[in-house]
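First comes one chain, alone, set out as structure tokens in the form predicted alone.
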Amino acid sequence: MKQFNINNLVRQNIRELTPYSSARDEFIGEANVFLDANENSIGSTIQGNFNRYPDSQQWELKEKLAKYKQVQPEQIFLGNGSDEAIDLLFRAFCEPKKDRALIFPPTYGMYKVQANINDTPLDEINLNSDYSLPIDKIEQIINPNVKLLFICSPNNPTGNLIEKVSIKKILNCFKGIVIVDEAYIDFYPEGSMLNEIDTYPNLVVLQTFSKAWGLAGLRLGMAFAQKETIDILNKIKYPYNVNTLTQTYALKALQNSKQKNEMVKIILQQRNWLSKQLTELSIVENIYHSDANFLLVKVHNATKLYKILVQQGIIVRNRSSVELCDNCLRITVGTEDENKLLIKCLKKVNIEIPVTA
């Protein structure tokens, strides 16, 4: 994209903001004595070096992650889950009550929540019936009042990957920022837009350690974009937003990427098995194609079935109230034993409850 300047989109108060800076951000070189941050110099009340603040820019982790993702460290933002990056994008680029954002329901619910928190008017254009992007409505999509546009791919709750060609069409004509949320991309890595960040200055790609890496409890999200955009996010983030434990364990995870790949392989095998078992149940009307670690399943009387599963201690997500997801349950692929237990329960329900119930 020619003649795109990210600074033209930034809110004036953010553009003029002087960010918080610690002494460790300001000095260059090596040091052995740290008397700058009013930490407890004696030690910690638990075993470990937790008396010192974490690296505010997470440089060691970014360098290792950059090699793994084949990007530059300066193109990475790390946050307390991807939700932090979403929040910061609203705060950096959307003037409250003035600038707008756009989403394509059904999609991840936090986009709307963060828009509301940041007092940003939200436009919604439904996905097509096959859950593809409504490119035929491109004139609505490129509304000049819209600053941020969110695309979830693979999409949550539908599970399908959004075609790159559709995303690129939007990137080429939209004057705002396109955020492609790839929380589930490890289950279909060929579909990632990450290798396009050097081409499109208005592209931000979100990923996470929560899904395929199995580190949801660490709360570590990633945003990838050109350096100018990442610099803006770093300018307004809290100084020590990623704690020491999270950085330490993420580094260990990157050293053990083979295990992540093995887990992904098992999950995909279990997803196929689960899908096959579900197709044999008369209470199941449709199983939508999934490129993620879950299935969107249309059933007869989803609310009643959801309550029956809860009574059996099995928790799935009832998505019946979401656009284009009438009578749909979103089912995460569990362990082999969990999946068998789910199918056993559903088979029993399948016998006991008529389709018309």
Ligand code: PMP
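So that there is no doubt, residue numbering starts at 1 and follows the sequence shown. None of the values given here were measured: they were computed from a predicted structure.
Not pictured, yet referred to below: the form predicted together with the ligand.
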| request: Identify which of 237, 211, 147, 271 has a heavy atom within 4.5 Å of the ligand in the model of the complex; exactly one of them does. | output: 211
| task | Name the single residue among 174, 249, 188, 108 that comes within 4.5 Å of the ligand in the model of the complex, judging by heavy atoms. | result | 108
| Location of the ligand contact in the model of the complex, chosen stretch of 131 to 139, 263 to 271, 92 to 100, 151 to 159 [non-hydrogen atom, 4.5 Å] | 151 to 159
| query | Does the 4.5 Å heavy atom contact test between residue 201 and the ligand in the model of the complex come out positive? | reply | no
| message | in the model of the complex, is there a heavy atom of the ligand that lies within 4.5 Å of any heavy atom of residue 219, even though the partner is absent here? | response | yes
| request: Would you check, heavy atoms only and a 4.5 Å threshold, whether residue 231 touches the ligand in the model of the complex? | output: no
| said: Residue-level question: is residue 114 within 4.5 Å of the ligand in the model of the complex, judged on heavy atoms? | reply: no
| Sequence-ordered residues of 170 to 197 touching the ligand in the model of the complex, heavy atom within 4.5 Å | 181, 183, 184
